[in-house]
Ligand code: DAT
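Here we start with a single chain on its own, the form predicted alone, put down as structure tokens.
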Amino acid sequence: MKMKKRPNILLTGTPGVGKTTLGKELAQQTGLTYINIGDLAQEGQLYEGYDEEYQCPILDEDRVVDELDEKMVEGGVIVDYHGCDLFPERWFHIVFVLRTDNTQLYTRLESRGYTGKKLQDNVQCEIFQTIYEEAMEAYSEEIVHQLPSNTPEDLERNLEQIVNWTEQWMKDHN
């Protein structure tokens, strides 16, 4: 029996926009495999140093891509990461950039312990649509979609929309 084809989905956006919450829930409802790049990097120690200014490890992007490639070729993966231009374009069938109101984002990041430059830079990143622009440059624009992620209602709507898209994709490709 031939394996059913399943899509690969990228959830991206500034830290604090709700990628992880959406991704885990989406995996539960669709049966796709959820991969948080931060967790993957931590488990495999896929780092190439430490950033003193931001107080965080520096991701070894090549090792992350190598680690994921086989899974991505198989399909059926939801990838959650705040960057997107490190991944090969061929990996994803659709890219969702989550967007959050700056004041809400500020509060969410503050509650995670973000302070100073790290807090300011991440909020500015959202203000200037940095991740959205990165996604538009890295992937063909017809697969890149922005989704508001401010309220529980937004989460429900986004979930429903992506579940419907996934079901339709599977019908069209199997």
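Keep in mind it's a predicted model, so treat the numbers as computed, not measured. Heads up: residue numbers just count along the shown sequence, starting at 1.
There is another form of this protein, the form predicted together with the ligand, and it is not shown here; the text below is about that form.
Lys4, Arg6 and Gly75 each touching the ligand in the predicted complex (heavy atom, 4.5 Å): No.
Just one of Arg63, Lys118, Arg108, His145 has a heavy atom within 4.5 Å of the ligand in the predicted complex. Which one? Exactly one listed residue reaches within 4.5 Å, namely Arg108.
Heavy atoms within 4.5 Å of the ligand in the predicted complex: which stretch in 52 to 60, 145 to 153, 66 to 74, 119 to 127 meets that? Contact criterion met by 145 to 153 only.
For the stretch 20 to 53, return the residues whose heavy atoms include at least one within 4.5 Å of the ligand in the predicted complex, in the order they occur. If the 4.5 Å heavy-atom criterion is applied to the ligand in the predicted complex, 20 to 53 yields Thr20, Thr21.
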